[in-house]
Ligand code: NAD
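Quick setup: one chain, the form predicted alone, written in structure tokens, and binding and motion questions come after.
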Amino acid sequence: MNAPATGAAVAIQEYRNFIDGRWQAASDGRTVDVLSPSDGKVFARIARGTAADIDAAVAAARRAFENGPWPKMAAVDRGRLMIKLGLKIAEHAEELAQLEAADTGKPMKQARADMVAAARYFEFYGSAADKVHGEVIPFLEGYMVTVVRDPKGVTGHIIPWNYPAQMFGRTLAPAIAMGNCAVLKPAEEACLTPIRLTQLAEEAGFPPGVINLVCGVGEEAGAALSAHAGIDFLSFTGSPEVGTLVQIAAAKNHIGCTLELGGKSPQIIFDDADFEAVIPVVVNAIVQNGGQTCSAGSRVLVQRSIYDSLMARVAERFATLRVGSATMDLDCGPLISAQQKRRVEGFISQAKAEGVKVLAEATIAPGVPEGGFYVAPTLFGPVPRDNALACQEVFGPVLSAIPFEDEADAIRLANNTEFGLVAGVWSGNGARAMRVAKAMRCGQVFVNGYGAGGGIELPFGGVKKSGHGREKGLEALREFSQSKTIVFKHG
């Protein structure tokens, strides 16, 4: 087959790479099995891309950048084609949601929301493509100095398995809006929606070589892409450990990179917070996507005077949660893999063995398919401040509750991890909320709320081990471009 079939995958089917406008098998013909998180069975196969496939994709992107129409195209025309792709994504949203749910295990309602965000990325950056303006610098008499922004050239994109459709838009859209040509390597655990989205881009009329997609194993195709001398800029989302390797590879080629490497995000709840607003948001922020979200609110920090009363109500809500397969469309789906299930269960078992109290556990619904990677969301508290649950990213539906004394203690506690991605502050005192928000060492802070439905317009990224660089918003256009100063002596 030359391209993925439409609709939810219902039988074992093979998906190929997309290089220079053509669908093709891996250079050596090998494939990788794709397992359904809902039942653990093989339901698709993807090409196992090689270093040779990465070479071919980078060469195609280079030809498209050096000789093709895309970088030379008027920005407004690039934008129109991107908006056309956004409309196609919206038209195929249900089909894409079914594919995403089958591939990742997330409930259908979450998969549908992801498709809304995926379409929005191309609409937003398509509309922004012709809004990137230069500047004029006052200089010496007889000179005109302008600063313009040029595309980087060929950009490499390595995306994770937790939000494959959203990540396709989040990383690719700003890059191609600026005139870059791209090579994308999706995660082998979940890449069927990026494949289908690439097909929709082909149908929309993107020139060959602008978007190239190579599937495969991270240690092979991903490593080859990050180390490739023909790449001008890298974008990576994943673990800090792999992010370090990507950054080293980029440094060896003297190129820049954007890294988003996860978090241990706190939600700080003061004694004057609105309980009714807090409770559903705090719970949803850890069970969304099975807790497999870099910005998951995995620590809830509660002022001691309200700790017992608030956590009793959070526990009550937690206990009502139900876990099921993607098609059951409950509160939480399975985790992505058996390996991830073992990792999360290891954190839970260790905490229990250390005597950390379980405040509530959700229920795995009757009738879930055997073999699925299900873990019941678990609420622990009070969690000691030096416990693994308070410091390490679990990347699963595990919420750690920790009491604090006062504002200063809350700030110390919130910032006391190696990560710094997102934080939430809940208070009816606006001055206090602003003080705490400004004191957070992270890239994004929400006050009296958490999350923004994709937040396409909002710059996103971290500090410390959460990475560097910014995605989303207009800042992403700057990440995928570089300034050029032109000094014109006119006399």
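Source: prediction; values computed, not measured. Throughout, we count residues from 1 along the sequence that is shown.
From this point on, the text means the form predicted in complex with the named molecule, which you will not see here.
Shown alone here, E188 lies within 4.5 Å of the named molecule in the predicted complex, counting heavy atoms only.
At the 4.5 Å threshold, heavy atoms of F236 reach the named molecule in the predicted complex. The named molecule in the predicted complex comes within 4.5 Å of no heavy atom belonging to D331. At the 4.5 Å threshold, heavy atoms of Y450 stay clear of the named molecule in the predicted complex, well away from it. Comparing 119 to 127, 400 to 408, 379 to 387, 161 to 169 against the named molecule in the predicted complex, the single stretch with non-hydrogen atoms within 4.5 angstroms of it is 161 to 169. Proximity to the named molecule in the predicted complex, defined as a heavy atom within 4.5 Å, singles out one entry of E219, E95, E354, D271, which is E219. When the named molecule is considered in the predicted complex, only one residue from A111, V282, I89, C294 comes within 4.5 Å through any heavy atom, namely C294.
Taking a 4.5 Å heavy atom cutoff to the named molecule in the predicted complex, the contacting residues in 221 to 254 are G222, A223, S226, F236, T237, G238, S239, P240, V242, L245, V246.
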